[in-house]
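Okay, here we've got a single chain as structure tokens, the form predicted alone, with questions on binding and movement later.
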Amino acid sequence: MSESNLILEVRNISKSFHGLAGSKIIVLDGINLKIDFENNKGKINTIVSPPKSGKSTLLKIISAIEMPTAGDVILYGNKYSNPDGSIALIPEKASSFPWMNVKQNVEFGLNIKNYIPEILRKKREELISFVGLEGYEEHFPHEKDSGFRFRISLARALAVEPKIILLDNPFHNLGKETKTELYSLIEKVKNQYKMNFILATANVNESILLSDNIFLMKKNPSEIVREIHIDDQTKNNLDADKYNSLKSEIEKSFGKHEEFFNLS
């Protein structure tokens, strides 16, 4: 492995459990995925698949908060099975603590790093400002909308200085204006923090707008069927023709499965 690259590998990951009637329910079946991140440049890799195809389960396994039935997650060439802060997960329902205000939520992440009080205060202020919550330090998550709670979760994730942040369908059910703001925020984090993201979504439009690489995962059984790379030139000059070409390419790759997608 090149020292200049961070390689995350998902090797033959399967996940199954037994239903109430004793039947075996297969969520993931032999998922293989390899992502090559550049340490000096953030990337957004997106897993696109229909709803109920196991995306959330896969991200939980990658972050080591859930164990697979079979297979391994490899980070830096080593098995990653115990959460150590290298991989942070932001779930679909942002996980800010409702009994803590913005300042306390961000401090929770910073306390893991054992900063001295002066450095902790400085980093807390920097993160709150960076995610656009300056002036809201004393507000509580339940007082605001999902976009507000996502900003808190993102600041708290950044506080532990992960190598990768996993985003589990975080923009689902958000309004167009809020989505656009958060898309810009993710790009800002990617560029300024050199942060690597893995986004799981069923929204094809979202994947095209945000991604450097798109992994297509079908269901029944879940399987990675294709990788589509979007180079910088295409991404920075994404006109209607290029967008429609990428969208068509994704739809054709799924065939009959495309009906399950949010293609808008």
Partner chain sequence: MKKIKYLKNPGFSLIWILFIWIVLFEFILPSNNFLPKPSIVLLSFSALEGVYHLWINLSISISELYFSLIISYLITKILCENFSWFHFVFNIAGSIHKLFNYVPVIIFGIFLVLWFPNSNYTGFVFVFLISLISMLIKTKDGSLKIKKEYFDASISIGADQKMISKNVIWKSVQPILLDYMTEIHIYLWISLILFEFINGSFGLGAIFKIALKYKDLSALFSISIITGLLIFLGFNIIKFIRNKFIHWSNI
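Given the structure is predicted, the values throughout are model-derived calculations rather than measurements. Numbering follows the first chain given and starts at 1.
Keep in mind that the form predicted in complex with its partner chain is not shown, yet the notes after this line are about it.
Enquirer: Only one of 137 to 145, 176 to 184, 117 to 125, 189 to 197 has heavy atoms within 4.5 Å of its partner chain in the model of the complex; I'd like to know which.
Expert: Flagged stretch: 137 to 145.
Enquirer: Just give me the single entry in 103, 163, 93, 172 that has a non-hydrogen atom within 4.5 angstroms of its partner chain in the model of the complex.
Expert: Residue within 4.5 Å of the partner: 93.
Enquirer: According to a 4.5 angstroms non-hydrogen atom cut-off, is residue 108 in contact with its partner chain in the model of the complex?
Expert: So residue 108 counts as contacting its partner chain.
Enquirer: Taking the shortest heavy atom distance, is residue 77 within 4.5 Å of its partner chain in the model of the complex?
Expert: Answer no; every heavy atom of residue 77 is more than 4.5 Å from its partner chain in the model of the complex.
Enquirer: Evaluate residue 149 for contact with its partner chain in the model of the complex, applying a 4.5 angstroms cut-off between non-hydrogen atoms, and reply yes or no.
Expert: Residue 149 belongs to the contact set for its partner chain.
Enquirer: Taking heavy atoms only, is residue 70 within 4.5 angstroms of its partner chain in the model of the complex?
Expert: So residue 70 does not count as contacting its partner chain.
Enquirer: Which residues in 76 to 92 have a heavy atom within 4.5 Å of its partner chain in the model of the complex?
Expert: Counting only heavy atoms within 4.5 Å of its partner chain in the model of the complex, the contacting residues of 76 to 92 are 83, 84, 85, 87, 88, 89, 91.
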